[in-house]
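Next up, structure tokens for two forms of one chain, structure 1 and then structure 2.
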Structure 1
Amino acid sequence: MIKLFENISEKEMLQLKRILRASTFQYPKNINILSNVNRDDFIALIEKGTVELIYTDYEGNKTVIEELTAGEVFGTLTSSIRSEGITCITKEETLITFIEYDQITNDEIIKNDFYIIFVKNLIKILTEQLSTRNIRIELLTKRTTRDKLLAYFKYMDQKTGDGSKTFKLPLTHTELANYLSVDRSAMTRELKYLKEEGFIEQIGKKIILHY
């Protein structure tokens, strides 16, 4: 199910795609899908497979910015795909549909009965992305690793929670350290302190908060 076409039937989706002049491509594993990207702004829908946005700095160090899977959407206006050092790599065989931004308001589409649902979906996707960005900024502006971790845990608890103060870490430590932009080993050290001081308990991937 593709977020952008939620509540739109298969048949209507195909029609909308045609009107939007969408084009679909299939990529093997480990392909840089935007190597020959043109100038126009676009949205990319991942129909099947996985794509990673990777940042490579001037020394060659690589960081995974985002992992995107089937149903998800990305594009020039929602991610900094055009920035220097950013590449977009398929992790497996992947099917992607591209829609040019200008087509989103073309003359034909606005007459379509499902346009209003399509627009609603698009706006929802954009505002959801804004929300995830705002949350990350809130975490990144914390000055210490401890504050970042505590704020992240609190957020995870609220998000997944039934008020149980218990949740499962959805990221590896390496990924979490990247997400919070701290050194992995320093983060592990801080986690140890938090456990020793009784702020949290950790059983495997499960975290229990005591604050």
Structure 2
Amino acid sequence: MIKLFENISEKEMLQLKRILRASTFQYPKNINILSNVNRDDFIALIEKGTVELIYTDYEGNKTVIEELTAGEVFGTLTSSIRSEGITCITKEETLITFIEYDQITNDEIIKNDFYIIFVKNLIKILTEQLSTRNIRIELLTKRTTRDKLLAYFKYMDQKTGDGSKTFKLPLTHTELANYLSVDRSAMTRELKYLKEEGFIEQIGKKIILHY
């Protein structure tokens, strides 16, 4: 994955962060980082760790909108985080740099040679994340839990790119149910049927596809 400050020297990066009024914070696991953040215009870069953007409806039902890892960005430009129903939970110790969005068009930064590199990197990151979101939307359009699972497994197999039809499940059953927006018990039953019918084999977190 492209990095936001790729091909920018450390000296230029420090200058860039100063102009962008960037601030970096470290968070422990299971913290909602939006609880003390102004939800107006900002971009957040995950320097280290993993976060989940979660939507909680009025009945308390949770849906994982997106899981983001080191090198990815989120913020008012890319997500509906202004909604009070949205939380951003750290899954592990996480380091995040916040950038004021309106500073990206600041005249002071536009005059610098590394500005073009920075903007190109940002566009590439957002393009990659948009592709991932489109895949998620495609998964959610599947009508049944089985169809969602099979489509997700196929996507994970393609993501490995080695043609082995084997991959490590990166999510717990609860996280996978939230990601696919299905009932966890119904999903667990469907996984059992898929194993019994020979569609998949599971050894711990390793999934082997037979379709």
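Note that this is a predicted model, so its numbers are computed, not measured. Between two forms, the rigid core is the largest collection of C-alphas that superpose within 1.5 Å. FYI, numbering is relative to structure 1, first residue = 1.
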Structure holding the form predicted alone is number 2
Once you line up the core, how about F118: does its CA shift reach 2 Å between the two structures?
no
Core-aligned C-alpha movement of A177 between the two structures reaching 2 Å:
no
Cα of F98, core superposed, displaced between the two structures by (Å) 2.8
Core-superposed C-alpha displacement of A70 between the two structures, in angstrom, equals 4.9
